[in-house]
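To begin, one chain is listed below as structure tokens, in the form predicted alone.
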Amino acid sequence: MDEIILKTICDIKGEKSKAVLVTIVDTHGSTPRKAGTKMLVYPDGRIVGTIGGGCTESEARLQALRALDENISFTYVLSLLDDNAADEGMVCGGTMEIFLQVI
């Protein structure tokens, strides 16, 4: 998967377009993916790769679109611990620190 992400980043740079590289930098507890996992989010919401699917990925995509709108890179902690996570059917019970880097 990292080869696909790298090639896609090169394509984005060559086209002088934008996207956000979403990278899990740290995890605690049970999470669908671990540190080092990456995905790209385009301005139209399309993604390349996955950081775990479901609500986790949906929230990361929303944060990535915010990063694009504000043209800023930042870290974000995504919690899979609260009642909302249980209500959404998530079986995880941890947190993921995610770095969103505008490309």
Partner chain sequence: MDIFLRLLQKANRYQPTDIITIINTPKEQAINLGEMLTISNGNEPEGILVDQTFTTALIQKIETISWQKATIIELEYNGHYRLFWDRLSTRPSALVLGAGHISQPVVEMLYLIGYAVTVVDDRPDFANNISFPNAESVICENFGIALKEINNKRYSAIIIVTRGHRYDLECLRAVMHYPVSYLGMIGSRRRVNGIIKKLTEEGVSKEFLSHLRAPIGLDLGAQTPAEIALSIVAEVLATTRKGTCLPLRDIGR
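Residue numbers count along the first chain shown, from 1. Keep in mind that this is a model prediction, so the values were computed, not measured.
In what follows, reference is made to the form predicted in complex with the partner chain, a form of this protein that is not presented.
- Among residues of the shown chain, L62 is not one whose heavy atoms approach the partner chain to within 4.5 Å in the model of the complex.
- The closest heavy atom approach of S73 to the partner chain in the model of the complex falls within 4.5 Å.
- Proximity of S79 to the partner chain in the model of the complex: non-hydrogen atoms within 4.5 Å are absent; the residue sits far from the partner.
- I24 belongs to the set of residues with a heavy atom inside 4.5 Å of the partner chain in the model of the complex.
- Along 46-71, a non-hydrogen atom within 4.5 Å of the partner chain in the model of the complex is carried by no residue at all.
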